[in-house]
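Presented below, as structure tokens, is a lone chain in the form predicted on its own.
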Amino acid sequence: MNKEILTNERLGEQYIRVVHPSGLTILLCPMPDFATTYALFGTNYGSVDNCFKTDPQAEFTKLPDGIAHFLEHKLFESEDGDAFSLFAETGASANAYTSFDKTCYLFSCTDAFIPSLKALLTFVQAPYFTQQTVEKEQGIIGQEIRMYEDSPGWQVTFQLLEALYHDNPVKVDIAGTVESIAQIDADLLYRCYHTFYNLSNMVLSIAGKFDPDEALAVIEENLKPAEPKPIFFPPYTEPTEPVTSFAQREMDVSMPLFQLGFKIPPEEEPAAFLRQQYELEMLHELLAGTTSSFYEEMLRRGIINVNFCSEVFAGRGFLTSMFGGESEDPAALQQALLARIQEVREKGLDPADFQCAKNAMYGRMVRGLNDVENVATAMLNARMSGVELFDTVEIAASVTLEDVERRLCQLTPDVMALSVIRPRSRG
């Protein structure tokens, strides 16, 4: 196995990267002063990966929306029971999640790390699907989908994504729809599993109290290698402009919810894309963060409340600058934010404020290195984004005031949409 020690002199930190002959990337960060260990086994497969082929000459296969999430649920089942029973024997806490661009299986433990690691490697590499269990799961996930359909906070976000994106599958709920998951069968699950759960498409990340040599020995013993499988995705060009600039619906809320978003083309090169996100996060803080004059004015005028927040919503192939919360007059907030952006575009950002925002981001990243769960997750996320953990810190440290000011040109009315959930009409 190709074993490297990755170090960062600025931080005085290091971790181990191993590329297994199977193609699996293994990231190990021993933290002996901590009591817990956290491990994630993830694949570069999320809800946006809904069309693929493995042979360049073949036709693309269009997948039902929600199949990555469905597969995550089903993988916990085996012919002998479910994976949670394996972790019940070790005392570890296990879970999993599917996002737009990845699926991860994880556990946290204070003892019995080795048997817990064996359990993780065992169930993720042992798919077991039957048509009977698939049909049972369709009913369970259907209930989950309906629950989210009744969640105003969830719906205001996806309503915004539907308003912004024409073709990008990010506009579709991660769990899919009741209609789309009805198209899933056992054969299709196996095909997706053997395509996307190929070890060359996966990352295993571990941080905390453990012996890396012992962990590597267990990993070597429990991997089921397969030949690396190339995956091809269809090219698509997402139009610059939104589908619509405004979308609203009524639900059972006491005050209108809103999400305001700017649709931004993501940089193609991984490090440049990450830098773009950091620059926008700093810009958000300077434009409308809780210490900004804009935030204080909007609070004073009653246009927003303390639930107002912003997010750089980004992943493989998409990037949206989002501002959301509760407001009796979302349109007034929209106009005020556009005016604030124009003001900053004309006058520039305050250098001292920029340095504070940059220091705050850098400080959060450094503090995160003292958290076992954060380190394991950050190593995996960075690797799946095409960089390494220490690259993320260095990229953030290199952002300049001029970099952030240049991002203002991407927050324009022609790429913006407003999503509103209003209280139901009475009478």
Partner chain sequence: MSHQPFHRVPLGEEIYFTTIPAAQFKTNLLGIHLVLPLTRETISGCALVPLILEQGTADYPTFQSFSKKLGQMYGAAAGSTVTKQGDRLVVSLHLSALDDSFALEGEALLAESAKLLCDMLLRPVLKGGAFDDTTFAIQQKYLLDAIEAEINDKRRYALQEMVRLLFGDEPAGLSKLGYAEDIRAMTPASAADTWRWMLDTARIEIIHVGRGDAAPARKIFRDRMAPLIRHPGVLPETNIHQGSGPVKTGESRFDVVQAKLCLGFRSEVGPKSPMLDAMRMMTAVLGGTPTSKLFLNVREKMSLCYYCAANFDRTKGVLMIDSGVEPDQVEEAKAAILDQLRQMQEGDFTETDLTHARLSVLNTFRSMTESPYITGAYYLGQILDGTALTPEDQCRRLEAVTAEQVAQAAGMLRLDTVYLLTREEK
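Since we're looking at a predicted model, the values are computed, not measured. Numbering follows the first chain given and starts at 1.
The protein also exists as the form predicted in complex with the partner chain; that form is not presented, and the subsequent description refers to it.
Judged by heavy atoms within 4.5 Å of the partner chain in the model of the complex, the contact stretch among the candidates 313 to 321, 185 to 193, 272 to 280, 149 to 157 is 149 to 157. Using a 4.5 angstroms heavy atom cutoff to the partner chain in the model of the complex, all of T90, C356 and V372 count as contacting. In the model of the complex, at least one heavy atom of R300 sits within 4.5 Å of a heavy atom of the partner chain.
Using a 4.5 angstroms threshold between heavy atoms, A35 counts as touching the partner chain in the model of the complex.
Contact between M255 and the partner chain in the model of the complex is found at the 4.5 Å heavy atom cutoff. Proximity of K136 to the partner chain in the model of the complex: non-hydrogen atoms within 4.5 Å are present. Among the residues S180, Q125, S108, Q334, the one placing a heavy atom within 4.5 Å of the partner chain in the model of the complex is S108. Within 4.5 angstroms of the partner chain in the model of the complex, the stretch 278 to 308 places a non-hydrogen atom from each of T290, T291, S292, S293, Y295, E296, L299, R300, N305, V306, N307, taken in sequence order.
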